[in-house]
Every structure is written in C-alpha cells, then in structure tokens.
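Here you get one chain, nothing else, as structure tokens; it is the form predicted alone.
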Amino acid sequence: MLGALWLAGTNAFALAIPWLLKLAIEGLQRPATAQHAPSYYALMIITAALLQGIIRIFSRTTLLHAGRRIEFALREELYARLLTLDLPYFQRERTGDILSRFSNDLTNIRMLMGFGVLNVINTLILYIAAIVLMLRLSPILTICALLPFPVTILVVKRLSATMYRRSIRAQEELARLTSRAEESVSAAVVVRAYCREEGETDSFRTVSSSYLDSNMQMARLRGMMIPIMAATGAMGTLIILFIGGSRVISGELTLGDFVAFNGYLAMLVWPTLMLGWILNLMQRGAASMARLNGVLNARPTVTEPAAPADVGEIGGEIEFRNLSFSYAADSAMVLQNISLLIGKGTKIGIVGAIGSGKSTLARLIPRLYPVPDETILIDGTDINCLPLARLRDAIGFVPQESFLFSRTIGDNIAFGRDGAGEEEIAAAARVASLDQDIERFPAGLQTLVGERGVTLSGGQKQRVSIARALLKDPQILILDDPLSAVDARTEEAILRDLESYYAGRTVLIVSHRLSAVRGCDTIIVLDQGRIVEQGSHGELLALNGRYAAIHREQQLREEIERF
C-alpha cells in the first residue's frame, strides 16, 4: 500500500509535465493572455521532473523490498513445512526438485511480487490517469488512439495461456536438471571409478538441451508478445499524427492540446511494452506458485494424535500385536502378523535375510511411517496415542545409513541434545569406541567432517551416529545394523563398551552379523516379514533351523578369510 502511494505521487508529477508543456506552448502562442512567463513553466517542469525522480526511488525500493520480504517469508514457511513432512514424502520427491523450488521458483515469486507488482500498479495508475486526461483534451482522439488495444489484448490472452503451459514445463525441466547435477556430484566417486565421465556428460547434455528447448519456446513467445505491444503504441501514434494533425490545421484542436495529448500517449507506450513482460512474469510466477504449493499443501501421513494420552516417563516396554505393514495400499506386505512382547530393560536381536523386514520393523517404533492402530504399544499405550515429541525423545535411533552434517564431529554427536557439554560428548564418543580416532585428528572434536561426512571412513561415520544416539540418553535404543562398516575387533570393543550402557534400557539390535546379537536376551529371526524363530543364541542353535544355518555359514566365511 505504501509503495502504491509512492507510485501515485511519482505518476502525478510525471503526468503534470505534458500539461505544463501545453500551458507553456499556449503562453508562447498568446503572450498577451498568458498567466505566467515561459521561464516559469520551464522551472515547474524541471521541479516536477526532479520530484518524480526522487519519489520514484522510494516507490521502487518500497515495492522491491516487499518482494524480498515475501520471498524470505515463503522460504521460511517452505523450510518449516519440509521439516514436518515424513519419510514417504521424501521417498516420492527428488532432492534436486525440492532444491529447485527453493531457488528458481522462489526467485520467480520474488520477481512477480517485486517488479511485477510495481509495474502492474504503475500501469494501472498511469493508464487510468492518462486516459482521463486524454479524454479531457479530446474524446475523439482518445477513442482513435485506443482502437488497436482490444485486438492486442485478445492476442496476448491467447499467447499467455500457451506461455503458462510452457512455463510449467520449463520449471519441471529445470528440476530434472538440478536433480541430475545433484545426483552426479553426490556420486562423483562412483562415476570416476567406473570411468563414466563422458557418459554422464552426455546424459547431462541431453537433460540440459531439453531445458534449453523449453526456454527457447518461452523466448519465442516473449519475442512475439513484445512486438505486438510495441505495434499497438506505434499504430496509436500513427493514427493521432494523421487525425490530430488534421484537427490542429483546421483549428479544432490547439497545438498545446495536441502536444500534451501526444505526451500522454507516449507515456502509455512503455507500460504497454511492459504489459507483455508483466504477463510473462505472471505466468512464470503462477507456474512457480503451483509448484511451491505442492510443498506448502503437503501434509504428513504421520500426524499428532487427536487426543494425546497423558503418560508419564516412558519406561521402555514394547509390544507388537499382530502387526502387518506395507508401504503402500497396493503393494505387498513387508511385515505380517508380528506379535512380540519386549520387556523393559530387555535386549532384543533381530536377524534375517536381506528384505525380510528387519529395518522396517525398527523404523515403525519411532513412527517414521504410519502404524496401524493398536499394533505397537509402549508401556501398554498405543504409540498412535503418544505425542510424537514424547515418543521420539525416549528413543535413540541409529539408522542403517549413517548421515552426518557438514559440521564438526562434536556438533554431529551433540545434534540430538541441546546444551551438551564437551565432557559428555567425549564420554559418548568413548563408549562408541571413537575416542582413539578423535585423538588422531589434529582438531579433535572440532574436526570438520565435510559434506555427508566425506572425510571420515564408513566405520567412523557409524560410530559418530552411535555416539549421537548414546548422548541422547534414551530409554529405548534402536541400532539398525550399526556395525556393518567396522572390522570384527572394533565391533567386539564397541559391543563390550555398550554392555555397561545397556543397563536398564530396552535395546533392539538389527544386524546381519550374528556376533552383534549373540549376547541378546532374545533373538528373533525374520523371513519374508514373519517371525520364523525366536529364542536365545543357544536355544536357536539347538533348534538347528534357519538361525543355525546362518551361524554355520558365517563361521565358514570367517575360517576362509582367516586362511
């Protein structure tokens, strides 16, 4: 609103200049009847021009700053929305596509809400005021000057509909391009190891060419639209020169009125040219807003309970009641009829073949995916009735794929707990058998790990993830194959140090190595989403079933490796 007021002031002084010029010309033609000398009108024109320039600065900065603030608010809202969404959303969407919405789409919105709004308001004010003044000077000339405009509007309307469709396609192509670049950079080691640089370059060139084609189609449309706008102004000027000149010669119109009328018509040429650019901005902005709304309107499938259960401190007893789960309604069941009671302070091992549902079972406990009602209970309460923050605060989760932020080792360990001291961080690192590695780093805990922990080995990244979960001091600790990247000796040291930490906590260890679960109170064996065996290490060996077969296979592999 403030920017619109500044624009009104800017245009008021701009519109005053042709009228002052009219009065000056009439004063020169009839000096005897002139109210003021020509020098007076010259001074007024200079003053109006200076005031117009000064006020224009305020109008532009006010509206352009508003566009920046809107971009800032949208970016904050987008980021906040992304953090509320759950794993199913991120499995559907591409990382590059999301990044494209944060960069290119937000830029389009900023341009629309800044330059676009500025020019829309300016055009409306200028058109209305100029046409009113033109009608006052000569209604007939005004009608003649505006005759080409209806045809132009119809043509532009048709072009803008096509431009919207092509703008959507261009934004989607840019998202593909960003995704491709992000994926190639992340997989740089694999690309070089397999000598696929040339193939990846060709693949990127194909996607880039498609994006170029989309933008060239947009450019061709803009190239058609701007000349149409320019032709409208040119035709109006031509009509006025012919008809208005004749009326001046015949004495029906004064020279001052003719000059002022042409001044106002000339003032409409630039807004008319800008109309094509504004329509392009509007179409790109509408396409970008539709893409941003895809994020803003997304809703998590895992939501807070409508009536949260009033529970005290979570103890750690977990019960599975006939749990069956699939990732989508039309996909096969990943888990089937899982029934299991895990007492507080119990240590449970989960083993099985690849794809048997081990990680899925672990991820359902903190509700990373939607869980059917009354199928998982903690301390006798359905987890769907527990507030998400209360549930997840009580759980320390080490995922199968360790993710580290581009910060220091200490910051990564302290990520899940605000205000953790350096001694507490060091103690968690010691339990995770990371202390000796940290001592070898020149900066110790302050060592930067690089993007996704690129400067650390796979085993070091896993141990940082374990230390992060331990520092949280949870009642339930879930370790999803956390030792797959460490050697047998390091694994044994970590398991030995963890034994003292486990006391009083409920622990679930998912592992393909039986050595990691050998000391568990109970071990369950999953096969195709079902519990096929259950018992202690000794009991399962005595059964001579699937667990025993896995044990024999791993022992044989160890003997082969030893020789």
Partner chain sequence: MHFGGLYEDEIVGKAYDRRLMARFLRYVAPYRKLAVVVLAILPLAAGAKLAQPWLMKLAIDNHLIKGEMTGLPLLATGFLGLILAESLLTFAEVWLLQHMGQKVMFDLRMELFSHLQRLPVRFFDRTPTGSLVTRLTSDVEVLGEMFAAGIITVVGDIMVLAGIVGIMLWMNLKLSLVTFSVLPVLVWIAFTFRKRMRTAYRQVRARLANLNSFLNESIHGMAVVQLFNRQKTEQQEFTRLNADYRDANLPVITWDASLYAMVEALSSVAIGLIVWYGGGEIVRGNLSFGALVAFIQYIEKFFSPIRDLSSKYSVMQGAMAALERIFHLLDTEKDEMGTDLISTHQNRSVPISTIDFRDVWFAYNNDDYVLKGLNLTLRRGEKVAMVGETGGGKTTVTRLLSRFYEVSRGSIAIDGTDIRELSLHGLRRRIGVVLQDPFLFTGTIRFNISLGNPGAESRVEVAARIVGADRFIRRLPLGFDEEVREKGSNLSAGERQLISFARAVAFDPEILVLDEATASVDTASERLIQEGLKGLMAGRTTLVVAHRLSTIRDADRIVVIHRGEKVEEGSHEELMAQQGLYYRLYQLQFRD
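Positions refer to the first chain, counted from 1. Small disclaimer: the values here were computed from a predicted structure and weren't measured. We call the rigid core the largest set of C-alpha positions that still match within 1.5 Å between the two forms.
Form predicted in complex with its partner chain: not shown, discussed below.
- In the predicted complex, its partner chain stays beyond 4.5 Å of every heavy atom belonging to Gln475.
- Of the heavy atoms in Leu99, some are within 4.5 Å of its partner chain in the predicted complex.
- Though the partner is left out of this view, Gly535 does not reach within 4.5 Å of its partner chain in the predicted complex, counting heavy atoms only.
- Taking the partner from the other structure, its partner chain in the predicted complex has a heavy atom within 4.5 Å of a heavy atom of Asp437.
- Contact with its partner chain in the predicted complex holds for none of Gly285, Gly343 and Val525, as no heavy atom of theirs lies within 4.5 Å.
- Proximity to its partner chain in the predicted complex, defined as a heavy atom within 4.5 Å, singles out one entry of Glu252, Asp373, Glu401, Glu422, which is Glu401.
- Of the listed positions (Ala80, Val132, Ile140, Leu147), a single one reaches within 4.5 angstroms of its partner chain by any non-hydrogen atom in the predicted complex, namely Ala80.
- Note that among 288-296, 457-465, 374-382, 422-430, the stretch whose heavy atoms approach its partner chain to within 4.5 Å in the predicted complex is 457-465.
- In the predicted complex, the residues of 53-85 lying within 4.5 Å of its partner chain by at least one heavy atom are, in order, Gly53, Arg56, Ile57, Arg60, Thr61, Leu64, His65, Arg68, Arg69, Glu71, Phe72, Arg75, Glu76, Tyr79, Ala80, Leu82, Leu83, Thr84, Leu85.
- After superposition on the rigid core, the Cα atom of Met111 is displaced by less than 2 Å between the shown form and the other one.
- Relative to the superposed rigid core, Leu255 undergoes a CA displacement of at least 2 Å between the shown form and the other one.
- Once the cores line up, the CA of Ala266 ends up 2 angstroms or more apart between the shown form and the other one.
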